[in-house]
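Take a look at the structure tokens below, where one protein chain is shown in two forms, each on its own, as structure 1 and structure 2.
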Structure 1
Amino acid sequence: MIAFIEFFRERMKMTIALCLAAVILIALWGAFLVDTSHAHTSMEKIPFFWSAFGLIGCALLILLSRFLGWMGIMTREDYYDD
């Protein structure tokens, strides 16, 4: 198990490239090969819809959360102690 993890950690660039390739292949498969006739909305039939939804959605979630944190939700750990 540890050896397995270290194999990939020592080859970080290859690992990243493999992950990226997998994501691209999945996106291409979803866009051109999968039957979308059972989709519930017409939006879902746009090629790469779910990839775009995932990327933009997750990026917005992260940025929104950090923005709210920056607005004052994130505070020092001893806030309630005094």
Structure 2
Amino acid sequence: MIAFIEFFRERMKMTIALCLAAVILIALWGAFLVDTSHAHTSMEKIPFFWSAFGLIGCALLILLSRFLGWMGIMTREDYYDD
């Protein structure tokens, strides 16, 4: 498993290109090949809606977790040494 990770770490440009290609393919599939005739809301008929929704949701989760960390979840390293 470590050799597998090192393979991609040594080829970072290829790894980034593969990830971007996968994201683009998934977004295009979601925009053009998913049947929207049974959509529950009008928003679901907008191309790339679910891709954008997922991206914004992930970004908000990251920002919320960082905010909660700054609010007190994170503490100094020697907290339990007292």
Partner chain sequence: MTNYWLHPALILIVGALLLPLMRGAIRRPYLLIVPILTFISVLGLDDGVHGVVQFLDWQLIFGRVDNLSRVFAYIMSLMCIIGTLFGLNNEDDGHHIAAWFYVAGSIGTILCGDFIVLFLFWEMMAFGSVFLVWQRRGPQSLATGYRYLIIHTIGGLFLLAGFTLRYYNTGGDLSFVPLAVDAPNLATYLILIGFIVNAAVPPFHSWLPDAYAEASVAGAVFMCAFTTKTAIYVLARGFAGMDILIPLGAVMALYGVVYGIIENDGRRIFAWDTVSQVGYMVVGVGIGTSLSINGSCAHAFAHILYNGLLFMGTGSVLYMTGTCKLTELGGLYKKMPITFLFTLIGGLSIAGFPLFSGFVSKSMIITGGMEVHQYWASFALILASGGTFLLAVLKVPYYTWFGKNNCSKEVWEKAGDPPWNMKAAMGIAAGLCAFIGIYTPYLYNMLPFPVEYHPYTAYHLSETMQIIGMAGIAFFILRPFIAPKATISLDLDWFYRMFGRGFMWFDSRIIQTIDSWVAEIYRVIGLWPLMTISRFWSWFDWHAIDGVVDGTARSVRAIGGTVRRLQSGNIQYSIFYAATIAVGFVLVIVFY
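The first residue in the sequence of structure 1 is number 1, and each one after it adds one. Heads up, when I say rigid core I mean the largest set of C-alphas that superpose within 1.5 Å between the two forms. These numbers were taken from a predicted model, which means no experiment stands behind them.
Q: Just verifying the output here: the form predicted in complex with its partner chain should be either structure 1 or structure 2. Which one is it?
A: It is the first structure that is the form predicted in complex with its partner chain.
Q: Hey, does Ala39 budge by 2 Å or more at the Cα between the two structures once the core is superposed?
A: Yes, the C-alpha position differs by at least 2 Å between the two structures.
Q: Enter the rigid core superposed C-alpha shift of Glu6 between the two structures, rounded to one decimal in Å.
A: That residue's C-alpha is offset by 3.0 Å.
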